[in-house]
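Only one chain is given next, in structure tokens, and it is the form predicted alone.
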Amino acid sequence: MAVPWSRCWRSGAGAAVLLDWCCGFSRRAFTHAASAGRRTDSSAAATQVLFRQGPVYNFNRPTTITRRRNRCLYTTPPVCCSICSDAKLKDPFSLAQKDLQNLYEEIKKLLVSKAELKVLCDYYFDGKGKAFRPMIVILMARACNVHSNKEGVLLPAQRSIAMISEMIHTASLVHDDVIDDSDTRRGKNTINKVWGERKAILAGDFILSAASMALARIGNNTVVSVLSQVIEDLVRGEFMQLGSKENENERFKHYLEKTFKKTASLIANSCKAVSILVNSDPEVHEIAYQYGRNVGIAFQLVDDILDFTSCANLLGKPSAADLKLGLATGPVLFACQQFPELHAMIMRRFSSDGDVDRAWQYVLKSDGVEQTNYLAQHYCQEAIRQISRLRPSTERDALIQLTELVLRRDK
């Protein structure tokens, strides 16, 4: 039987994690303290962490954090745990479709090169991708524009950021496939499988350089700084993925931080960049950033779930790929709380004979998948709370609806 959400991480692994990663920069007052590794009855009763009527955690040395409400931000009632509305919301992808039209063709025009390099760079820009990141960036840009009394008109620089986000993402995929020695991506052979590792690395570098030049042409130093952070995070996240942590608390934090750097940073900082172009209010920038951050982490958590629940045909890549790469994702980390035998496998990165199959079975016997899904829901809930602070608009509502699509996706 699955552990209720109100009792998740009661073994201690998620205590510090929930504070730092789920709560983010909440404008609500909350109390927390760093765990000192021990508990007393008096301190446990005296201090608690409360996340939106969610789980209660006990800590030592409480610290209170508050944020003042900006009178320029839109105030909404608390959001329930599921998205419920009688209004007919427009599909986020359909809403952004006009702005995304010819996106890949315009990206190809930025990849000016000759012969074989051009073919390699164009390989993934075939229009068959989900364009998930550009779509979020477009909707966030329009939502921020409406909030800033700009009538939602998309600025050329904002659309450029949507293109740049997809280029950075694609370059990272090309490099990831080399690192992971992957054979398939989006249902077809990877660049490294077709043309070899050396050419794949060069193609990824070239796409990244073209994205950097497009970013420089925007001419906003703050935006350049924000999006440059994404590239640093991608590299640091990849290095974090190569390592592991012995301590269970550190392991969860390591996993979520790696998830942010490898996946969510691009979405968060791209959303922040388009808000900077139209609004000078740091709180609006923070709203855009926090929405992207929380949706990005939820997106990756669901991706980690699909590695255990979806078939290879839907994913476009082999299932159990993470275990085969030696990676302990959310479902495995939660399963380890119920089956300590997984600890040794995690530390040796599932390298012994039979480790992958045994770990797979432990995850299926545990509530690791369900707990990871609960966590993804919580991140989406925080994303909704953040974006709801903007002035109502069709695009804002689409971003709210998008969180439900993230949780329900099957590929």
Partner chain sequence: MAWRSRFSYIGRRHLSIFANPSPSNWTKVVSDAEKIVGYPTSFMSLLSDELSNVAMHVKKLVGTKHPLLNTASNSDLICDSMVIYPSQRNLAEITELIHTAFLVHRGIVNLKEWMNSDGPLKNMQFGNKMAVLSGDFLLANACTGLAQLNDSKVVELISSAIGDVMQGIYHESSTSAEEGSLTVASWEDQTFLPHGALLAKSCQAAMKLARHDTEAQNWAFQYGKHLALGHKLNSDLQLFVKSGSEPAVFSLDSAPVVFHRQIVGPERWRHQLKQVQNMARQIDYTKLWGLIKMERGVSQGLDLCSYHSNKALEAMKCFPPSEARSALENMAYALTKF
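Being a predicted model, the structure only gives us computed values, none of them experimental. Numbering follows the first chain given and starts at 1.
Form predicted together with its partner chain: not shown, discussed below.
Contact with its partner chain in the predicted bound form, judged as any non-hydrogen atom within 4.5 angstroms, is confined among 294-302, 139-147, 248-256, 187-195 to 187-195. Out of the listed residues Arg159, His285, Lys199, Lys108, Lys199 is the one that sits within 4.5 Å of its partner chain in the predicted bound form by at least one heavy atom. By the criterion of a heavy atom within 4.5 Å, Arg236 is counted among the residues contacting its partner chain in the predicted bound form. In the predicted bound form, its partner chain sits beyond 4.5 Å of every heavy atom of Tyr104. Its partner chain is not shown here, but in the predicted bound form it comes within 4.5 Å of a heavy atom of Leu117. At a distance threshold of 4.5 angstroms between non-hydrogen atoms, Gly219 is in contact with its partner chain in the predicted bound form. Three-residue candidate spot Ser319, Arg358 and Gln361; no residue lies within 4.5 angstroms of its partner chain in the predicted bound form by any non-hydrogen atom. Residues from 216-233 that approach its partner chain in the predicted bound form with a non-hydrogen atom closer than or equal to 4.5 Å are Ala216, Arg217, Gly219, Asn221, Val224, Ser225, Ser228, Gln229, Ile231, Glu232, in the order they occur in the chain.
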